[in-house]
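Here you get one chain, nothing else, as structure tokens; it is the form predicted alone.
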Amino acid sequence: MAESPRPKRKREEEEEAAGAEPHDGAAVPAFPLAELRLRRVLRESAREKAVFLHGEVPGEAVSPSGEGANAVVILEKTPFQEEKILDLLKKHTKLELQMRNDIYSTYHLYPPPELSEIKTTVVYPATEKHLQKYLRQEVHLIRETWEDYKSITLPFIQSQSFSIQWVYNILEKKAEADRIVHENPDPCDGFVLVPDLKWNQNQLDDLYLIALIHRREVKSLRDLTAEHLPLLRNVLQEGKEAIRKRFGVPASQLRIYLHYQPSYYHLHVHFTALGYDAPGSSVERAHLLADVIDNLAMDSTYYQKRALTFPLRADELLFKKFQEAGRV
């Protein structure tokens, strides 16, 4: 919960619903970061300027009689904000030379605290599933036929207790009600549009929103037929218009897509800035919503016929199921 990102949830990456139950909107105490005992670095990404940590919160930091609990802490350097660039240059202009060669030189610049924000995402208490999710693993491409879906993937989904209560909390306005950008309340063809937790909403370069449909029986791309075209068209058209009105970003600068495999099994659509290299937007996982609509308009059972390719990490249970079936 997010690869979710939550959160969590992994609304892509975090988004994602692997076990711990989120709160229903009630006030909760701040996470005791200063008490965290670092156990290991799960993964670091120079490209994303992020590090994923496994820590333990001792029981006494939470409750006198409580037991310690695992936590995942994600530290991310936030993007530069254009309106603060001048402050960065004016408030701290001292440069520490590292290297000079002809016209090229590199320096260290240490910005003041107010310009040194690090976005911190906490999954707490974290289950073993959360720890494995953020641990660096080998990745394999799976080519799933419809028969594979029926015999391997669907039984796996049905056998797992993936928690998506956080999704229902948003749909029922028990949580994040003040963050809703747009809602179509129709129980069949409606949805809620909210900012993804990976977006701090301070700049548009990494704009990221999620549309969560009201219908609860539609798990993924595999469930879609022509029956769902009114719903998908609502998400596409109303989502684009809501983002244009609220954030001033035109439809031509949006990437609107679904994941397969999704990170949680409740149909949702990603809206990201076209110039943003969002997690999970690569060709092996993302399916453009406009293309999905066209495919279903041509053939109602398109996604019950075609093979779909997606990446799985070596430690994922679904990957092991494909191995056991001799499909890897």
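In this text the structure is predicted, and so the values were computed from the model without any measurement. Each residue number is its position in the shown sequence, starting from 1.
The same protein also has a form predicted together with a small molecule, omitted here; what follows describes it.
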{"item": "Contact flag, Leu171 vs the small molecule in the model of the complex, heavy atom cut 4.5 Å", "value": "no"}
{"item": "Distance check, Arg179 to the small molecule in the model of the complex, heavy atom within 4.5 Å", "value": "yes"}
{"item": "is_contact(Phe191, the small molecule) in the model of the complex, heavy atom dist at most 4.5 Å", "value": "no"}
{"item": "4.5 Å heavy atom contact, Ser220 and the small molecule in the model of the complex", "value": "no"}
{"item": "Interface stretch in the model of the complex with the small molecule - options 239-247, 145-153, 208-216, 183-191, non-hydrogen atom within 4.5 Å", "value": "208-216"}
{"item": "In the model of the complex, the residue from Asp277, Glu48, Asp299, Glu284 that sits within 4.5 Å of the small molecule by heavy atoms", "value": "Glu48"}
